[in-house]
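One chain comes next, on its own, written as structure tokens: the form predicted alone.
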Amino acid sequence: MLAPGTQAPEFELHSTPDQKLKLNDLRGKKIVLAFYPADWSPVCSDQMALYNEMHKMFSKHNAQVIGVSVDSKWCHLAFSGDRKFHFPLLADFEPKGAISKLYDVYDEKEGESQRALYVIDENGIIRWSYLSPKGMNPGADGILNALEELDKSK
């Protein structure tokens, strides 16, 4: 994974079938970048549902969650719509896993993103990261701790 203190690599990915989101579009906000293996899988579904429930708490820290997987923009549209997510899911679809590779969280053997978290500050600097064991939901405690530490350092 990329080390804390590193400038988060810029990217642009589809957030809907006809819209793209650039990381730089979110400057001035903290970003919780949540890489995950696949839409619809049980652990991923639980993880993204938890982050959806935590939306207001993350917002209190001026933080925006962004989910990233190698699934297509159409798969994300169906998954997000079904689960009523309040945050974007980005399609790291083509070239497959390019952004996951850029953030050093691509699983070549499985052909998908690993379950990894980054907290990025308002200036685009990575301040915290975590790689979850396979099949484990990393929860939100580490994210909240990282956001609280960032708020204290101001």
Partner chain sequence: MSQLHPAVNSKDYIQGNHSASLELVEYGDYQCPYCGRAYPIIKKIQQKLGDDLKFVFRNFPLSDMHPDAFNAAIAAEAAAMQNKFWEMHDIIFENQQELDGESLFVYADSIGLDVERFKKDIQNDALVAKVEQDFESGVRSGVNGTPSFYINGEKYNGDWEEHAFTEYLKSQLEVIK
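Positions refer to the first chain, counted from 1. Since we're looking at a predicted model, the values are computed, not measured.
What comes next is about the form predicted together with its partner chain, which does not appear here.
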Q. Hey, in the model of the complex, is Ser100 touching its partner chain, heavy atoms inside 4.5 Å?
A. no
Q. Does its partner chain come within 4.5 Å of any heavy atom of Met54 in the model of the complex?
A. yes
**Q.** Contact label in the model of the complex: Thr16 to its partner chain, heavy atom within 4.5 Å
**A.** no
Q: Give a yes/no on whether Glu148 approaches its partner chain to within 4.5 Å in the model of the complex, heavy atoms considered.
A: yes
Q. Pick from 26-34, 84-92, 119-127, 64-72: which stretch has non-hydrogen atoms within 4.5 Å of its partner chain in the model of the complex?
A. 84-92
